[in-house]
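Presented as structure tokens, the chain that follows is alone, the form predicted on its own.
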Amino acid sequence: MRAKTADKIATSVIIAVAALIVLVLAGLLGYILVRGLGHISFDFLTSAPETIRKGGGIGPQLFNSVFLLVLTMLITIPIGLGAGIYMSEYAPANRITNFIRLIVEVLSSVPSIIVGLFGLLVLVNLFGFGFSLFSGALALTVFNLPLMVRITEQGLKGVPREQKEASLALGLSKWKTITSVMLPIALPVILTGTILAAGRVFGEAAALLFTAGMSSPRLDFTDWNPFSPFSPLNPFRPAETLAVHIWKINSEGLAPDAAEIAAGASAVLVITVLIFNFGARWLGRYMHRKFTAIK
């Protein structure tokens, strides 16, 4: 067989497989959106769910998901940035550093259900945080931290060595070089990865079943005291997120319109994750153009 013929066959096979994957993904997303978009309304997005009667919404679950996302990223970003900076610029090249990188890679591949069981044993029971948003945020930090460390490390390693050396040659300290020269250049990569990580957190369910809980108290959105058990800002209350709510409705929903509620909630979840992904791509390109002046 001639080389050109083999190349054409291989190219055709690759294109066909890629097209099949895109069609399957588009069909799945289209199916979820077509089933659910008709059930989305302002009342659906803001009202509380109903246990037996029809007409419930996803308001508390949507708020819980956003609040949990904020808590998780407030914990993950500082630790992930610090660890990534250390691994990229300060960690010596030895077996201990290689072992730490191996542990980070292993953590990134641990199934989320295992992270949830770890959170149940350690955070919920051992530390006594109970089923709460805080327990869920800590569990998702364990789940998400390897991604943030790797993103930060790769972003800093992508900075041209000449710019780093020029900064050091001008008399700037190593820390000043990292904060004033390297981090701004790596910022597009870090921001893009952070937003993608946030989308991953928003759609997580398995780890939260054992940490944040499968129920929520009746929230009083006029009570902004974070220590009140009915306050939406209380991080130590149990909280059913949107992804957990979808699972719960599909598995044990008693409302007559449970299928419609699950379809609408699934569409909201898919749309939100898509917004995170497309927003990350747009922000990454915008930041790249801003810092490199490349159109």
Partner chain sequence: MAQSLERQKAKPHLVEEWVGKVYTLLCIAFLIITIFSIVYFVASKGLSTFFVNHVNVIDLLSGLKWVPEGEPALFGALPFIFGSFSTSILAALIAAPLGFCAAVFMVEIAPKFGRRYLQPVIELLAGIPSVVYGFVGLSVIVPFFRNVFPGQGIGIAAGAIVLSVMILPTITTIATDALAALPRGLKEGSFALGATRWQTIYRIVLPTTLPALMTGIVLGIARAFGEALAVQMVIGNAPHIPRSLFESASTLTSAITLSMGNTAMGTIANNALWSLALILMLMTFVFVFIVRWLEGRSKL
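All values reported here derive from a predicted model rather than from experimental measurement. Rigid core: the largest C-alpha set superposing within 1.5 Å between the two forms. Residue numbers count along the first chain shown, from 1.
The protein also exists as the form predicted together with its partner chain; that form is not presented, and the subsequent description refers to it.
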property	result
4.5 Å heavy atom contact, residue 39 and its partner chain in the predicted complex	no
Close approach of residue 90 to its partner chain in the predicted complex, 4.5 Å, heavy atom	yes
Interface membership of residue 70, its partner chain in the predicted complex, 4.5 Å heavy atom rule	no
Partner contact for residue 250 in the predicted complex: its partner chain, 4.5 angstroms, heavy atom	yes
Candidate spot 125, 145 and 246, all three touching its partner chain in the predicted complex (heavy atom, 4.5 Å)	yes
Within 189 to 219, the residues that have a heavy atom no more than 4.5 Å from its partner chain in the predicted complex	203, 205, 206, 209, 210
Core-aligned CA displacement of residue 275 at least 2 Å between the shown form and the other one	no
